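Presented as structure tokens, the chain that follows is alone, the form predicted alone.
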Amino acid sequence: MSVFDSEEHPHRRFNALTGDWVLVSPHRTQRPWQGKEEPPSRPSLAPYDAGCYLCPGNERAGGQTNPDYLGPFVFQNDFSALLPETPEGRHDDHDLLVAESETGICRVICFSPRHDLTLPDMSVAEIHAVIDLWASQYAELAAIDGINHVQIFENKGEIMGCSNPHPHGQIWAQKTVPDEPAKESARMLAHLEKTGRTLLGDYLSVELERESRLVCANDSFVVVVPFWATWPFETLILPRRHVRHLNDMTTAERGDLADIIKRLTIGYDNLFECSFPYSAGMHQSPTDGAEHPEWDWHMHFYPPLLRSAEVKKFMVGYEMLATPQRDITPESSAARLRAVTETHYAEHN
């Protein structure tokens, strides 16, 4: 009988952060691909686009005019998914038919006045300014009564639902802690009560010992492909010390966060020589007024590219009906990301 090898044989991996499982099928990397393919692309854009509703001085879709901003710029989303004035109410005329109102605030952050940039194109100082704005927005929204969670995120690329190539992200702040951070919060609290230590602090110690899933690091942060990763080149940015949210970070740490984000996103672009699409977002402690000593700030990157820039992964079939599944192991993904140069490929072209 052969010996089990996680690099060769199908197996399940436990997500210690959420309590979920993922099916890993490394032998499937040999299967032929005859599905949808799309060529790699790097949009050719001008620094300013008169038709872009996010560029400085332009009119937005909601009728407001953007100021001639020179750095990162935030405004209330003109088409917010959540609204602060939603009346309280609940529909529960049957145990199986329950709905309740949800209040919140949605904002948009333009990372740069330049229409033609993405995060890997920006300087560390420019990304640092974005992080400072993220931090001030988190603090401002957290101070509003009834805001118990603040989600900061970015969708990059059309395939990830981004409706405008201008570099920007979003903030959704709301009354309820959403499902994913709620699951993480429960797991983190259980770990702290059991061990007296934080879950992601312990997890990072293990990853630093094993090294096989490390991608890059600096004085304050480490990037890993998590052991339980679902997406082919999913990564997780972890702080070296315990910080619950952005405002726990020192100025130097925010600078290091800017550095690690730039290095990671350059690595993504270089992997398949394209403007690498992803959804990314940070999870921070809830803003319900509690201290949350169990919480470790962290940032997720979920990119869909699979074998090349032409081949994408989608959650379909078994994954929608049963459990998430991946073919490329996290260890091999980390090795590929480590191997790429940290000089952006466009600089060579």
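The numbering used is simple: start at 1 and walk along the sequence shown. Owing to the predicted nature of the structure, the values given are computational and were not obtained by experimental measurement.
A second form of this protein, the form predicted in complex with a small molecule, is not displayed here; the remarks below concern that form.
The partner is not drawn, yet in the predicted bound form one stretch among 301-309, 286-294, 56-64, 320-328 has residues with heavy atoms inside 4.5 Å of the small molecule: 56-64. Proximity of His168 to the small molecule in the predicted bound form: non-hydrogen atoms within 4.5 Å are present. Interface residue remark: Asn155 is counted as part of the site for the small molecule in the predicted bound form, having a heavy atom within 4.5 Å. The closest heavy atom approach of Glu100 to the small molecule in the predicted bound form falls outside 4.5 Å. The small molecule is not shown here, but in the predicted bound form it comes within 4.5 Å of a heavy atom of Asp78.
Just one of Thr86, Ser136, Asn164, Thr250 comes within 4.5 Å of the small molecule in the predicted bound form, counting any heavy atom, and that one is Asn164. The single contact residue among Ile131, Val108, Ala142, Ala217, judged by any heavy atom lying within 4.5 Å of the small molecule in the predicted bound form, is Val108.
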